[in-house]
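There is one chain below, alone, in structure tokens, taken in the form predicted on its own.
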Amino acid sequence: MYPDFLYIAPLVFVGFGGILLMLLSPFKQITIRMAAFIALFFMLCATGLYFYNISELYSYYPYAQTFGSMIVADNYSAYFSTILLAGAIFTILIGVHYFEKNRGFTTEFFSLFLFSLFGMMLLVHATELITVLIALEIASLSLYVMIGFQKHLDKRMEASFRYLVLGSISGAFFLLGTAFIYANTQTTKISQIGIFIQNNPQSDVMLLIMGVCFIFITFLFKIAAFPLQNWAIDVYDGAPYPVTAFMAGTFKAAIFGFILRFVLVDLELIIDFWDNILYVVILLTLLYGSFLAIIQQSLKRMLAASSIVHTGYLLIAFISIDITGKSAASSIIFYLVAYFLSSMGAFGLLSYISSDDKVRITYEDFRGFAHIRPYMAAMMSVFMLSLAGIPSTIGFIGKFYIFVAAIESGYTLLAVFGILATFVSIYYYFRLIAIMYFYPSAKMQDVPTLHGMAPYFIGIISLIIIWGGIGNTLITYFPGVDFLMDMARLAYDSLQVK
């Protein structure tokens, strides 16, 4: 049996790393690169611990008497925490060049980074709503400061305050929803709320349903779904590139990690209550997100707008959970990995380029980019193809699973709209590829020498994306991504362990 401490050791490592960096921040001898590698050390240690029980089904409450069973360690939390740690590790490895090249960053930034990661990890381990609120606020407050860390840039400060005000309002909705749920059930523990629903008719749980509606408002805001999506483009655009990548891929995975546990453990018997509302939300999210992505000229704003469309894809699988259950939940978990890799690669590459070449911001700025930086153009093309869901990329496999789950659940129209949104996305993703390869450069310049480790890790991400789409299709004995889907199904099964 795994000792209790080892179940929570990854959280302890990340939290302790944040505290240590905060204590070291006054020492001028600690450079940006040193702070980045200290943070990386603690994250790698935490990641290694999650691989210990990777193939065994388990669900355990560490220090149950001390924590009151408010934190669970299971395959589900391990899977999501591994995604979060991978996103954080790639953010550091790719972004260290950006942090060194742009003034305003100090070692305190990496302390906040680890605290934010700690909050996200706690979010997917939490089985009690007050703990969820605390975890959500730890992650969010750290992000507010990280967004506006470069105080000399008005754009950063505006994005930080915008997210702070709107995020605080969404947190208030979560707290109000928790109060309603407690008033009806006399508990805030997810498993006990599920038991209450089982033992009471639907007419006696209306206050609980109202509370969950308020929590869903927070959920829709955090994932930037219609009609709570307008903040995303301005905040993503105003934040530093590495922070934008961290928010778009990693934080979104943490939010889905909580809401899936909440729905699958707690609300499985009444989830169909919100189906009609979610149906409309999904259609408008896909439609409005696609419109916003088409009209953007800035690549960063285009990727921010397209993240709204990807939220719509995830919600298609989310609405299918009450019918297909395991299939839909597993497809969400898998797609989060696919989107995280693609968005992390795209934003990471843009952050690397912008740290050396400040002029490449819009589509037109990338005219003839393939002739100037051919390897970077090739990597960016892979990320665009994956985000568009083109075959032979992991993005295609992820969308395939989602649309199959929707059709199996009877939501064929939603699957059709999702496919149409995918066809529309080809325009704004392929537009960049066409401009890079088929248009002459307005300002030809010498090919700069690649330096630092960022280009190599961005290249690794692009290879993983291709591997995720091809796997053992072309090479018989080459391992595919089936194990990722198997782990996703195992994560779902761990939620059913009583």
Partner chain sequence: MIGLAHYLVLSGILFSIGLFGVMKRKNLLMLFFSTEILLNAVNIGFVAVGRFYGDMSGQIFAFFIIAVAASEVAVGLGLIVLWYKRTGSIDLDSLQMMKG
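Residue numbers count along the first chain shown, from 1. None of the values given here were measured: they were computed from a predicted structure.
Beyond what is shown, the protein has a form predicted in complex with its partner chain; the following relates to that form.
- The partner is not drawn, yet in the predicted bound form one stretch among 417 to 425, 339 to 347, 126 to 134, 385 to 393 has residues with heavy atoms inside 4.5 Å of its partner chain: 126 to 134.
- Taking a 4.5 Å heavy atom cutoff to its partner chain in the predicted bound form, the contact residue among S168, T412, N200, N276 is S168.
- A heavy atom within 4.5 Å of its partner chain in the predicted bound form is found for one listed residue only; from E100, D234, E108, E408, this is D234.
- Mapping the unseen interface onto this chain, D365 falls outside it, with no heavy atom inside 4.5 Å of its partner chain in the predicted bound form.
- Contact check for S354: no non-hydrogen atom falls within 4.5 Å of its partner chain in the predicted bound form.
- Using a 4.5 angstroms threshold between heavy atoms, A172 counts as touching its partner chain in the predicted bound form.
- Taking the partner from the other structure, its partner chain in the predicted bound form has a heavy atom within 4.5 Å of a heavy atom of F161.
- Shown here without its partner chain, the chain has no residue in 244 to 259 lying with a heavy atom within 4.5 Å of that partner in the predicted bound form.
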